[in-house]
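Heads up, the chain below is alone and in the form predicted alone; it's given as structure tokens.
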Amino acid sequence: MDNSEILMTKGVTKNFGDFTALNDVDFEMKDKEAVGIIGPNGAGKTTFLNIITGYYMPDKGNVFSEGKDITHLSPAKRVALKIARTFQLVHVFDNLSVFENVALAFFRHKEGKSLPLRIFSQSLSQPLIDEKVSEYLQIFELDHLIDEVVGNLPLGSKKRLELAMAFAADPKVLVLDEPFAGLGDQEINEIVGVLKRYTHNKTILIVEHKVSKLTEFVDRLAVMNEGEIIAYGGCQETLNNPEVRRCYWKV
């Protein structure tokens, strides 16, 4: 396997009872490449991300990162390999401040471990943490909310916060599951602007329905249908694929 292939799956299959969510999926992406995955609802996209990030184990097949078989590693161990993930439903700490959420993500990256939340605040008074948290809050235009309790924030701000937390963990691979869901056009454009800045700086794998936004920054598109990847390549080539037009665009 070429070491530039930072992620690869071979023959990945996942069943839920009699339902096959993924069927013999082969996939690869290069280091510092941005790849989008699209497909109709129920195509298997989120299940595939769950396999990549360790939240599901495949019934058959293998997952590799930089040539290493990570098929049976836990999500935490994949995070230690610098594979970070965001979710369709936002995963943040509503009872903490914006600063504390990003500081927690950065501290986990810096120390290689997590702390019980009850003693976490004792470790916040570090100049490096202050500097890095401020940097990421500025990138995602959250610096004016630094002391706000997260539970008081609207969805768009929470989505940007989750992305700031993912970036603060300094991942090699950033896996994003529908980061634009529920957001207005202006909020989406702000996030696209950030992702454009980091394209080819990090490896980005993103599932999203807003195809026109994906094609602004991804290098390749994969299309899933009924648990299989039916096309994978350059954006226009993939979107013009006859099978994609039939299954996804219904034309």
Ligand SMILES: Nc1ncnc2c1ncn2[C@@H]1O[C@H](COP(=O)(O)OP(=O)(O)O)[C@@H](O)[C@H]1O
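All residue numbers refer to positions in the sequence shown, first residue = 1. Worth saying up front: this structure is predicted, and the values here are computed from it rather than measured.
The same protein also exists as the form predicted in complex with the named molecule; that form is not shown, yet it is the one meant from here on.
Listed residues 64, 27, 56, 217 were compared with the named molecule in the model of the complex; 56 is the one with a heavy atom within 4.5 Å. Proximity of residue 193 to the named molecule in the model of the complex falls outside the 4.5 Å heavy atom cutoff. The shortest heavy atom separation between residue 199 and the named molecule in the model of the complex exceeds 4.5 Å. The named molecule is not shown here, and in the model of the complex it never comes within 4.5 Å of any heavy atom of residue 184. When the named molecule is considered in the model of the complex, residue 21 lines it closely, a heavy atom lying within 4.5 Å. Proximity to the named molecule in the model of the complex, taken as heavy atoms within 4.5 Å, picks out 44-52 from the listed stretches 64-72, 185-193, 44-52, 27-35. Taking the named molecule as positioned in the model of the complex, none of the residues of 209-227 brings a heavy atom within 4.5 Å of it.
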